[in-house]
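As structure tokens, one chain now follows by itself in the form predicted on its own.
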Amino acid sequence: MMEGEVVKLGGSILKTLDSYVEAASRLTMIKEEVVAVVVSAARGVTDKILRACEDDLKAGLEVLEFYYAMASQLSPGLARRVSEVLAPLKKLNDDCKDNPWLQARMLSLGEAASRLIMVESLEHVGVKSMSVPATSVLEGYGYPLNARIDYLGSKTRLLSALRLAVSEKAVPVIEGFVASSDGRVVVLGRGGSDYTATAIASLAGARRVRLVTDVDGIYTADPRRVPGARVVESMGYLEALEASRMGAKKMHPRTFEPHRLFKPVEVLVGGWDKATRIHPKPYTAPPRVKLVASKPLGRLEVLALIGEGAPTPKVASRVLDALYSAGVSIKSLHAVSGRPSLTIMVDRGSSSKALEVLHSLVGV
């Protein structure tokens, strides 16, 4: 088994060649600790390929041109390899729209091109790297656009590739979101790169996963709506999944599945220098409210206090008193057994005031 950490680079930070090189430079500081680097497609690429599969052929060509322009700045050889990988985007037809297997294959191309560019970016900053196609190490099963990882079927090949990288003193780079199913390409659903990273970490025995994004972590509320919102320092797996479910931070629903089945691994979600720490336990005693999430529902807005301490009579009583004092009418208030949240429904017109009031209860 391998100590160290798996680093996943999200599409939100991969926008230009400079951002790839910057990420590679950051990795030079921790390269001795890195078990594997998992890369997403560059920002916006997946959406463009989906549009290409819906008959917007221009979107597919834009992906090719975008990646080719970046690759050309690094080396002619890389530009040629990227063009070869993305060549199928030039030949899309109506079959793609109704063929989930073909869609999965097309979507995987954006991730594969990103892997090639990250490998070259690491070499550019002096870090020896190894390109490891996800289809060579991860076996998947199920619907081709929302497949699951076959953990036991993947482990031997994955560990073999990682050991080879160690023997070569190279950093392995694997694209996220992609797996192979009986020789055919499948993808793991939106946000699947997080799932890829946590699966690799658990199977390899890494001690940590770092999910690098363009924000500092999971916030106590939407900072665009609540000026006093701050980054949550630590939370449990169930709290993080509930936050994702309620819209606070998009995470793949199976992100923590490998950690529950195999080795629990600490997960850092956020930027390079600041992040939210996620672990099997909530990290507070007694349990507390960690954040308030919100999402619209027609003319209403659903607000949720999230944390192991949220679904309690004490917190429910405080919510009722605080919102009543602020003049906010509540449409409903409920908790679901086994879920670390208390959900409140209000009119959209009073949601901003309600959000600020509920944020004052974070930490209770």
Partner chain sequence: MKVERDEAPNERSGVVSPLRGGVRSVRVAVFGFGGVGRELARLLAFRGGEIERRYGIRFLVVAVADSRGAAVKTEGFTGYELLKLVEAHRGGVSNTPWGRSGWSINEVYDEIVPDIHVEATPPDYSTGEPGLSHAFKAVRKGAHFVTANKAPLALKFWEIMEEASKNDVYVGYKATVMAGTPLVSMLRGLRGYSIRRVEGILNATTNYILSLMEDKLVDLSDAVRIAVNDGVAEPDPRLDLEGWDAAAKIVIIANTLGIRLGLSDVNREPLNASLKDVISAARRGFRLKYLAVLEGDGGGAWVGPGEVPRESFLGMARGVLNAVRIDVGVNVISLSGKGGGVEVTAHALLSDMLEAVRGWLPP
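Residue numbers count along the first chain shown, from 1. Just so it is clear, the structure is predicted and the values come from calculations on it, not from any experiment.
Unshown form predicted together with the partner chain; subsequent notes refer to it.
Pro287 falls outside the set of residues with a heavy atom inside 4.5 Å of the partner chain in the model of the complex.
Proximity of Pro264 to the partner chain in the model of the complex: non-hydrogen atoms within 4.5 Å are absent; the residue sits far from the partner. Using a 4.5 Å cutoff between non-hydrogen atoms, Trp101 counts as a contact of the partner chain in the model of the complex.
With a 4.5 Å cutoff on heavy atoms, Ser131 counts as touching the partner chain in the model of the complex.
Residues Leu333, Leu342 and Met345 are none of them found to lie within 4.5 Å of the partner chain in the model of the complex, as judged by heavy atom distances. The listed set Leu116, Leu241, Leu89, Ala206 contains one residue whose heavy atoms approach the partner chain in the model of the complex to within 4.5 Å, identified as Leu116. The listed set Arg80, Lys250, Lys274, Arg260 contains one residue whose heavy atoms approach the partner chain in the model of the complex to within 4.5 Å, identified as Arg80. Residue heavy atoms within 4.5 Å of the partner chain in the model of the complex occur in exactly one stretch of 217 to 225, 250 to 258, 117 to 125, 190 to 198, and that stretch is 117 to 125. Taking the partner chain as positioned in the model of the complex, none of the residues of 217 to 236 brings a heavy atom within 4.5 Å of it.
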